[in-house]
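A single chain, nothing else alongside it, follows as structure tokens in the form predicted on its own.
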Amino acid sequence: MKQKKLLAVASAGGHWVQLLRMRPAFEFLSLHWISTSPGVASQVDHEEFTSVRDANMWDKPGLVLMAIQIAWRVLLYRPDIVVTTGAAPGYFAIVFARLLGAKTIWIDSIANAEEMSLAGKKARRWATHWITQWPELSGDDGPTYIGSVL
């Protein structure tokens, strides 16, 4: 049986820490990591890693470059599954991977206790599974609460 390919994507910092906490669940998958800091590559030694530009909504040229970098990586890797804890790089990965038919999982950062993040709200359309880490934010129309990673 062909091993499924998982693309794990998160911005550096808290998003990345939360994504790494799920690493044991990815054990039997072919894995490629993407983050915004090349410095975190050492945390996923012996696994494929790509660093992309860090940007936010106030840096539109940076977001365009980030989107292009992620689109290229998604096209090359062709993941079966994308898991992200946000923010902007996760959003772009979910959009491009979904267009190629991949299953996509958005897990909003635990920092967003009162409402879903902006990227999380935008990801709703593209995410196969749209998840919050706070039960108070879950609802019949989503997001879904299944626990937290911290």
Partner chain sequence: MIFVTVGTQLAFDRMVCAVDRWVNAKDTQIVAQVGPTEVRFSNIKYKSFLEQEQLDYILKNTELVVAHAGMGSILSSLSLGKPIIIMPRKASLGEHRNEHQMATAKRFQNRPGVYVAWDEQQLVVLLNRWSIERFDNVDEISNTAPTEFIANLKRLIGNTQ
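Numbering follows the first chain given and starts at 1. Predicted, not measured: the structure shown is a model, and the values here were computed from it.
Beyond the structure shown, there is the form predicted together with the partner chain, which is absent from this document and is the topic of what follows.
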{"item": "Partner contact for I131 in the predicted bound form: the partner chain, 4.5 angstroms, heavy atom", "value": "yes"}
{"item": "Contact label in the predicted bound form: I107 to the partner chain, heavy atom within 4.5 Å", "value": "yes"}
{"item": "In the predicted bound form, R124 touching the partner chain (heavy atom, 4.5 Å)", "value": "no"}
{"item": "Exercise: G13 in contact with the partner chain in the predicted bound form, heavy atom 4.5 Å", "value": "yes"}
{"item": "Those residues of 125 to 150 which, in the predicted bound form, come within 4.5 Å of the partner chain by heavy atom", "value": "H129, I131, W134, E136, I146, G147, S148, V149, L150"}
